[in-house]
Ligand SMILES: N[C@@H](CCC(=O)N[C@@H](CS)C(=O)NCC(=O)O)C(=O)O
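This document starts with one chain, in the form predicted on its own, laid out as structure tokens.
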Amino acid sequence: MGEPVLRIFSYLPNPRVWKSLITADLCGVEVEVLGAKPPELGGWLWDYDARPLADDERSDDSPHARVSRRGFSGTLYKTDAFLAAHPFGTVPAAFAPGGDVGVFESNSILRAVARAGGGLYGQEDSSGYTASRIDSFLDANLVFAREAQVYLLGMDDPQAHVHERMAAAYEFYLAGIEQALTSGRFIVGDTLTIADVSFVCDFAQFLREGHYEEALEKAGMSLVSADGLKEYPCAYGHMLTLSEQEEFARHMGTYLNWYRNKQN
């Protein structure tokens, strides 16, 4: 591999970043990742050249000090250049080489890697319709992932209305994936694309709800995914099969082992 096609700054580990790393491995390109565990990221300078800050650099009068608005609490340290490249100020945050161009939202970062590497984004179809179909699944995936994020972040105090929204989003999304997989070996036709990569990573992250089964039961609710393997065998089987493929397993590691053990 040569020079990185993107540099990504994020909290780690992050299934949303796995999408780009898996795609990079499949395409034979390199992606550079900088970051740390979520509690540590507040002590980093958010920048193309992201780095841990020394104690004397972390103060409210720092020119980089910003009030955290989403996902973090307290003060964060973001350069003006970071915010110019990433107007929403979120992570994962990707940069083109040199740092002038920022790419945000995990599926957009995923697309950038696939374009650089070729072969997973419908490039063989000069009409562009295959890429557009892949985009359709990526957009549906994004809606599902947003609901899952809200749902999982609220597990300290599960709310019935959030659980109902998650159940509705889950049924809609999984029914579509199941239908797609009855028509082809992969989500878009008979070849692996970034639609499959995105599905595997985001759906595996959603399944973390299984870690909160007791909290849900105490609140009078059950797992949204309780009968998933029976109800959506193609979708679940697709995720489990691909997650064992070398390029996926290299980054996902043991993330799904608890779920596999539960099914045995």
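This structure is a prediction, so every number in the text was calculated from the model and none was measured. Quick note: we count residues from 1 along the sequence shown, nothing fancier.
Beyond the structure shown, there is the form predicted together with this ligand, which is absent from this document and is the topic of what follows.
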Among 88-96, 163-171, 177-185, 128-136, which stretch sits within 4.5 Å of this ligand in the predicted bound form, heavy atoms only? 88-96
I'd like to check something about residue 76: if you look in the predicted bound form, is any of its heavy atoms closer than or equal to 4.5 Å to a heavy atom of this ligand? yes
Taking this ligand as it sits in the predicted bound form, is residue 68 in contact with it (heavy atom to heavy atom, 4.5 Å or less)? yes
Just checking whether residue 142 would be counted as a contact of this ligand in the predicted bound form - the rule being heavy atoms within 4.5 angstroms. yes
Is residue 105 a contact residue for this ligand in the predicted bound form, using a 4.5 Å heavy atom cut-off? yes
By the heavy atom within 4.5 Å rule, which residue out of 159, 149, 123, 191 makes contact with this ligand in the predicted bound form? 149
Counting heavy atoms only and using a 4.5 Å cut-off, do 11, 46 and 72 all touch this ligand in the predicted bound form? yes
If you look in the predicted bound form, which residues in 15-31 sit within 4.5 Å of this ligand (heavy atoms)? 16
